[in-house]
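Quick heads-up: it's one chain on its own, the form predicted on its own, in structure tokens.
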């Protein structure tokens, strides 16, 4: 086995070991733990970038390293670095379990990295579970703020996770029964014809995808999202709202490419799931007051937009889905960055807390505006360019009805995103206490705003990179 093929995974495993030994010490300071986590997360990003051009098969051909998997590894490790950097002090987490907190976040990230390279059904399932089990532990980690709320969030995540795993395993057994193989390379030769001839194969494939619908919060596996977002600590929600969705998109792209069909029952089912996700997510977000619940429902809607690109199947559609999910991660991080700094003791943030934000901290208000405008699809942000490319790919495939419904949903979503911006720039805040940001926090805010704007204005190189990634599928 070439070590260079496994560099990002080795960096994350080293990070897990270091954090494990750090968790054994009783006097280690939070700043030291965060420093260690930052250093090793940065090393994981460097390892992912250095191994970007690597390709090969490992572990009896169950693990594939190629441009597609390495692109997602860069996104996932980069996301981990930003999540760790975003939460100085971990104000929402109990002091005595902060090393364990970073440890389990890293384990979950490692599972997602495995997921991006897994090309065999049982390997995919194990990777999915490694990622999920760590989050089952982390979600109830929250300082005070109502013990019941975080426990309820943790239990809901476990129960929905168990149901989705059962459905995925059941679907895999169907697929194996029909195709007599668990390797995606062999399944791709028989699944397209099976989907056209065997209705049970369609049911098996849809059930197998339920685990990834759950990670991406797609309808009908979305019910956990608002309660988990609301009940988990702000730092944990930042992670749950971003990185697992990247891993889920990687696997959904692999599985949709595997089917090889452009029109048929399977496509109709996925298109219906996409439309229901967009509609349910946007209509539910309209009436939310808690920002984390609002972002939870909006994430369900964005999962529907991503499915529009994946359903377009071709190179443009798949690359647009990768570009969109990368942009979504940055825009979502911008919103959670504001929530984190507006809640010094880890409480939830409502619209009332946003009032007068531009006077408390102009940078936080502008970062929130950039993130909200991006998710609403207002130019020249990455959200606008992402939606434009997604819809163009769908129009190329003749999915006019799907695009019209997606555009109607995008118009509905503009209402609650602009409501956030209006609250931030309103004049009637009750207390005008200035929010003090340290230099690293200010630097991160500027980086997020620049990324939202520049990746939206100059998308060519990013889309070309995504095209290069999907070309190997």
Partner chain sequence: MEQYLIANTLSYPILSAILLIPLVGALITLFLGGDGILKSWGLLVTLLTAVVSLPLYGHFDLHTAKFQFAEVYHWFPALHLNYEVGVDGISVLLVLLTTLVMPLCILCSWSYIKERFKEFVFVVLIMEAAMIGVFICLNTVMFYIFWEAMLIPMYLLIAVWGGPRKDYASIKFFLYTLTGSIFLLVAIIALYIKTGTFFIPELMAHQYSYQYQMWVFLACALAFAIKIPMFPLHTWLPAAHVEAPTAGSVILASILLKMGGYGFLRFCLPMAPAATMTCMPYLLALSIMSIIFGGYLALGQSDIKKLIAYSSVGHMGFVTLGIFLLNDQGIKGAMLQMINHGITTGALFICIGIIYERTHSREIKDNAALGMVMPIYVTFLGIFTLSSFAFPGTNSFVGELLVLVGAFTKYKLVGALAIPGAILAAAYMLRLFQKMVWADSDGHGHHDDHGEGGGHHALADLNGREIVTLLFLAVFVFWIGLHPTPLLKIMDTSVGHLLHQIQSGSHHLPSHHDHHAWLLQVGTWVKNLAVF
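Residue numbers count along the first chain shown, from 1. Every value quoted in this text rests on a predicted model; they were computed, and no experiment measured them.
As for the form predicted together with its partner chain, it is not shown, yet the points below apply to it.
- Residue 358 belongs to the set of residues with a heavy atom inside 4.5 Å of its partner chain in the model of the complex.
- At the 4.5 Å threshold, heavy atoms of residue 415 reach its partner chain in the model of the complex.
- The closest heavy atom approach of residue 422 to its partner chain in the model of the complex falls within 4.5 Å.
- Taking non-hydrogen atoms only, residue 458 approaches its partner chain to within 4.5 angstroms in the model of the complex.
- Using a 4.5 Å cut-off to its partner chain in the model of the complex, not one of 213, 221 and 223 places a heavy atom inside that distance.
- With its partner chain left out of view, the stretch that reaches within 4.5 Å of it through heavy atoms in the model of the complex is, among 87-95, 331-339, 69-77, 389-397, 389-397.
- Proximity to its partner chain in the model of the complex, defined as a heavy atom within 4.5 Å, holds among 166, 380, 177, 344 only for 380.
- For the options 39, 404, 46, 437, the residue carrying a heavy atom within 4.5 angstroms of its partner chain in the model of the complex is 404.
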